[in-house]
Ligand code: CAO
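A single chain comes next, written as structure tokens; it is the form predicted on its own.
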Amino acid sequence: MSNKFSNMFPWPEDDFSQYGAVEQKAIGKIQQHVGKVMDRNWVSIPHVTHHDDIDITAIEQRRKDWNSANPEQKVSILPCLVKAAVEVLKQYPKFNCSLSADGSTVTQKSYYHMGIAVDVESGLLVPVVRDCDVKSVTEIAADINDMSTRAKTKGLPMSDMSGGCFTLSSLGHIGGTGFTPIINAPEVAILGVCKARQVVSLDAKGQVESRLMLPLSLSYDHRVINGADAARFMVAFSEALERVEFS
């Protein structure tokens, strides 16, 4: 990789103090590690990001009804997205593989361990929820809550952040209408989730209605996945989300 970028201009250096007051702060070890990993993934993988909005009006109402009836087992939309992703990974298995370092072979996986990006004070961690194909929405929700809490407090061992097949990175609790999530190598795709918003549209009869739309951003490795694959994945994802069962 060093030869590939040997002709790049050097990083610009400047004495910023000549322009005004400054303060230097060390970057934490976790963020330094994340930065190096993201740098490698970004320059090594030909990223393409497919943006789409999916209608979550029905699933969101079912989720609210479940939470009202089961206050001790409340779930966010995230574990529902995980279950939908598992179903679509089964339909389109090329999204559930890894490319070898030399790009000559792919390893197809038959397990469904899902990475969940967690924003922590010191950087970004991606705990992996295992066997999501055989877990219920509430079990996945409990695993996500447990790992997120430990990530933000005690931290996580590498064993809890290894073996992922596909990653979800959600900014829905903050905002945004789309972004380009960087693939978590050796995975070949990652799904970014932004904040749902009400959109006014016309129904089949021409009547005005308001629908709750969720912006999604699917980044994929173009060496393995093509644009049509990504478009089909997102259509299937929207359909799979409607079929998610709460239990």
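Residue numbers run from 1 along the displayed sequence. Please read all numbers here as calculations on a predicted model, not as lab measurements.
One more form of this protein should be noted, the form predicted together with the ligand, which is absent from this view; the next part is about it.
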### Task
Heavy atom within 4.5 Å of the ligand in the model of the complex: which of D146, E139, D133, D119 fits that? Just give me the one.
D119
### Message
To verify the annotation, which of these, T177, Q91, S76, S162, has a non-hydrogen atom within 4.5 Å of the ligand in the model of the complex?
### Response
S76
### Message
Would you classify L171 as touching the ligand in the model of the complex, given a 4.5 Å non-hydrogen atom cut-off?
### Response
yes
#### Entry: Heavy atom of L124 within 4.5 Å of the ligand in the model of the complex
yes
### Message
I'd like to know whether R63 contacts the ligand in the model of the complex, with contact meaning heavy atoms within 4.5 angstroms.
### Response
yes
### Any non-hydrogen atom of H47 within 4.5 angstroms of the ligand in the model of the complex
no
### Query
Tell me which of 22 to 30, 202 to 210, 218 to 226, 186 to 194 has residues with heavy atoms within 4.5 angstroms of the ligand in the model of the complex?
186 to 194
### Query
Using a 4.5 Å cut-off on heavy atoms, which residues of 208 to 225 contact the ligand in the model of the complex?
L214
